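The chain below stands alone and is given in structure tokens; this is the form predicted alone.
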């Protein structure tokens, strides 16, 4: 499949398809992948998430895109932007986020994809500001935020994590163009 919206040397980022649901559901059921989220996701929850991401793309022209390794067309996760409207001092705002399969960790894919998304957001979407949010314990994501040129602007108690206090507070990073 070559319907890429964003490309890097190694990766293709595209809108979601039905064939992504099974590998994404497997990824979202992995406790290691989901350690910084309140829980793993079932197959149906993952399918619903894909639908919401497709709908977001249709409304906004951006989403958390499915990522594939171009050479093999292998699905490895997602990266992209999503409008966030939950109650916080930093929202509403466009958020950049990523989540990768364990086998894709440590290869620079999240940073590579996120840098490409930042460039796309600025040049193609005309966005002026992007935030990124992570649990203060999520050091791997915080490292990516720093590598892509974001600066820490604060922290807050994420309302979606009220039942999982070990994940709060969250840190917020920001980049302006």
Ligand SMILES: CC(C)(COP(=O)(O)OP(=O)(O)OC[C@H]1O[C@@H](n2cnc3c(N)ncnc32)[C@H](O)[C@@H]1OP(=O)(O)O)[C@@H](O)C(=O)NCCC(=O)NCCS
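Remember, it's a predicted structure, so these values are computed and weren't measured experimentally. Positions refer to the first chain, counted from 1.
The form predicted together with the ligand is left out here; the points below concern that form.
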Considering non-hydrogen atoms and a 4.5 Å limit, does the ligand approach residue 53 in the predicted bound form? no
Might residue 62 be said to contact the ligand in the predicted bound form, defining contact as any heavy atom within 4.5 Å? no
Given that the ligand is not shown alongside this chain, does residue 98 nevertheless sit within 4.5 Å of it in the predicted bound form, heavy atom to heavy atom? yes
At the 4.5 Å heavy atom threshold, is residue 147 in contact with the ligand in the predicted bound form? yes
With the ligand left out of view, choose which of 122, 40, 137, 111 has a non-hydrogen atom within 4.5 angstroms of it in the predicted bound form. 111
Looking in the predicted bound form, is the ligand within 4.5 angstroms of a heavy atom from every one of 128, 130 and 172? no
Considering only 12-38, what residues come within 4.5 Å of the ligand in the predicted bound form, judged by heavy atoms? 33, 36, 37
